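Given next, in structure tokens, is a single chain: the form predicted alone.
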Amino acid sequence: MNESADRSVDYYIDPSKIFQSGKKTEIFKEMIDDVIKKSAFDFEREEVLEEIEKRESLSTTGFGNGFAIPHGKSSQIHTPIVVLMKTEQKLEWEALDDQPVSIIFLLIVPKEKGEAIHLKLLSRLSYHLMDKKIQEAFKAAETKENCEALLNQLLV
């Protein structure tokens, strides 16, 4: 588990994830399971999965240029979690540009009183990921430390 400097957002980062499936629902499950099993974060998998899938059914979270920002809520957390997973795999995501995804930012926010931080995180990530230099920086980042430093620049 990594924490940002101001402790208002927690991170879980895997810069070299290999997904067992290419299907979005299975990818969401793997991401959530990794966070629960490999960190100190504790929340109910099914609640978060249902929230993410509900949001994804409205429209794609495939941002473009290989990035996706799925997001959901949990009634069991009080601090938002930004999960960043990078993979060499090209994942079909129905992205806005019809290109596969290889960098996923999963936002898990508190269900109670989390709407403001949810929108803040989503808007900051979306805004910064439109910048080609930032996209390239995330693509080039190979370690958890590099990824965390980039997230801190954008979110703190």
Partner chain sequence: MKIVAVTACATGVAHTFMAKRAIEDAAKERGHEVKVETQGATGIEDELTRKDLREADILIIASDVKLARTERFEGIRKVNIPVAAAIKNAGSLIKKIEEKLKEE
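Note that this is a predicted model, so its numbers are computed, not measured. Positions refer to the first chain, counted from 1.
FYI, the form predicted in complex with the partner chain isn't displayed, but the following is about it.
Though the partner is left out of this view, Phe28 does not reach within 4.5 Å of the partner chain in the model of the complex, counting heavy atoms only.
Heavy atoms of Ile69 reach within 4.5 Å of the partner chain in the model of the complex, making it an interface residue. The partner chain is not drawn, but in the model of the complex it has no heavy atom within 4.5 Å of Asp42.
The partner chain in the model of the complex comes within 4.5 Å of no heavy atom belonging to Ser102. Each of Leu58, Leu119 and Met130 places at least one heavy atom within 4.5 Å of the partner chain in the model of the complex. Just one listed stretch, out of 120 to 128, 29 to 37, 42 to 50, 84 to 92, contacts the partner chain in the model of the complex at the 4.5 Å heavy atom level, and that stretch is 120 to 128.
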